[in-house]
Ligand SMILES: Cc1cc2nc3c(=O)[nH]c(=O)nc-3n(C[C@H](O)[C@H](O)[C@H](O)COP(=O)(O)O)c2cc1C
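Taking the form predicted on its own, here's one chain by itself in structure tokens.
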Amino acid sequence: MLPPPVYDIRKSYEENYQHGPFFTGVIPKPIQTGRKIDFLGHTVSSRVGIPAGPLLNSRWISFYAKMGFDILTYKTVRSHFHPSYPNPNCMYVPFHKSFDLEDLRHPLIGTMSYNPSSLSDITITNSFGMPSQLPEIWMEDVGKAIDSLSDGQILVLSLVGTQRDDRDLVQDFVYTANLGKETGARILEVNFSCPNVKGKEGQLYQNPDASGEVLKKIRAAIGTAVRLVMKIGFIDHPEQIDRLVQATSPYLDAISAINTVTGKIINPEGQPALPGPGREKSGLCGGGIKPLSIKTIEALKASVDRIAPDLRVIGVGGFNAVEDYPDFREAGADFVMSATGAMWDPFLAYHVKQRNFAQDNVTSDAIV
């Protein structure tokens, strides 16, 4: 039986924010890789990171940095306070094979009573609604998170825009990006993919022209010194990826793929598993979505190589265990991030460095 996750899925988001991470082990001595790898103009010690999701605040950033993750993404922030959906926010989806698109057309069982036997068995649904603290809270905390990092580590600040009474969606994206720049974060991730929100911000990546327009205005506002990443979700058609890369690449330094995929989650009695209106469908992440992630990354890498070869590709979605890491690299990911895997195995980056780093060949983005 695996140990419980350091993000306690039985506790509320607020409890995890205030009191987590819940870890009782021993933090390992750092592995000195001796590597200097360029990540969007910043030197990192490895290609292993954590995407927006589990890193709720500076305490979480500091913990996972000590565990050996070198690219750490601060959970998506907004221009205003936005509460989390009520607990439960995460549930196991005990589906004993990887998902394909046909599987996602049918309801899936969500439950709290499941004991996975291996990291690869862990697939979950998560439904938070992209909560955010007030800017005066998260801006100060991002500074603390940056200060907690060691040499060879970098913070990425994830952000999203919201339709407001005094700002439309695009204006709020720009406003929030400017707040992010003020924190001292040198890399901003614009989150265009979240299936758990009710507004247009959650699936913006599916509209290439709108995505390009938002990024163009953000780039004009923040300048070129701050690097910019776009987070996208699953895309099934290569031609749609081409259109997205064509529309957005002039303003970007990297694309991160994929965020969770959407499924209809029910309990064993056939009722919606997550309480509250609008939560019948929620995001799926973990081992079950790996093939969909790999498919998108392969098509994205091919598109980037043709259209915008200077862009970097960040692979996310289904990197649960050490053995998954090479698959993402072979698919074309320059960097690989784990959310679900890192929640259940905070030693994941340490183990990747132990077992895979020697085989991870130096490429043109390494600093010798």
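Just count from 1 along the sequence shown to find any residue number. Computed from a predicted model, the values in this text were never measured in an experiment.
FYI, the form predicted in complex with the named molecule isn't displayed, but the following is about it.
Open item on the list: Counting any non-hydrogen atom inside 4.5 Å, which residue from Asn191, Thr176, Thr296, Thr248 sits next to the named molecule in the predicted bound form?
Closed with: Result of the distance check: Asn191.
TODO: Answer with one of Phe128, Phe99, Phe234, Tyr92: the residue that has a non-hydrogen atom within 4.5 Å of the named molecule in the predicted bound form.
DONE: Result of the distance check: Phe128.
TODO: Pick the stretch from 301-309, 314-322, 26-34, 59-67 whose residues have a heavy atom within 4.5 Å of the named molecule in the predicted bound form.
DONE: Of the options, only 314-322 has residues within 4.5 Å of the partner.
Open item on the list: With a cut-off of 4.5 Å between heavy atoms, is Val336 one of the residues that contacts the named molecule in the predicted bound form?
Closed with: No.
- [ ] Classify Thr340 as contacting or not contacting the named molecule in the predicted bound form by the rule of any non-hydrogen atom within 4.5 angstroms, answering yes or no.
- [x] Yes, contact at 4.5 Å.
Task: Distance check, Ala52 to the named molecule in the predicted bound form, heavy atom within 4.5 Å - done: Looking in the predicted bound form, residue contacts with the named molecule include Ala52, since a heavy atom lies within 4.5 Å.
TODO: Give a yes or no for Ser79: in the predicted bound form, does one of its heavy atoms lie within 4.5 Å of a heavy atom belonging to the named molecule?
DONE: Output for Ser79 is no: heavy atoms all beyond 4.5 Å of the named molecule.
Open item on the list: Each of Val44, Ile71 and Gln153 having a non-hydrogen atom within 4.5 Å of the named molecule in the predicted bound form: is that the case here?
Closed with: Result no, not one residue of the spot touches the named molecule.
Task: Residues of 282-307 having any heavy atom within 4.5 Å of the named molecule in the predicted bound form, listed in sequence order - done: Stretch hits, in order: Cys285, Gly286, Ile289.
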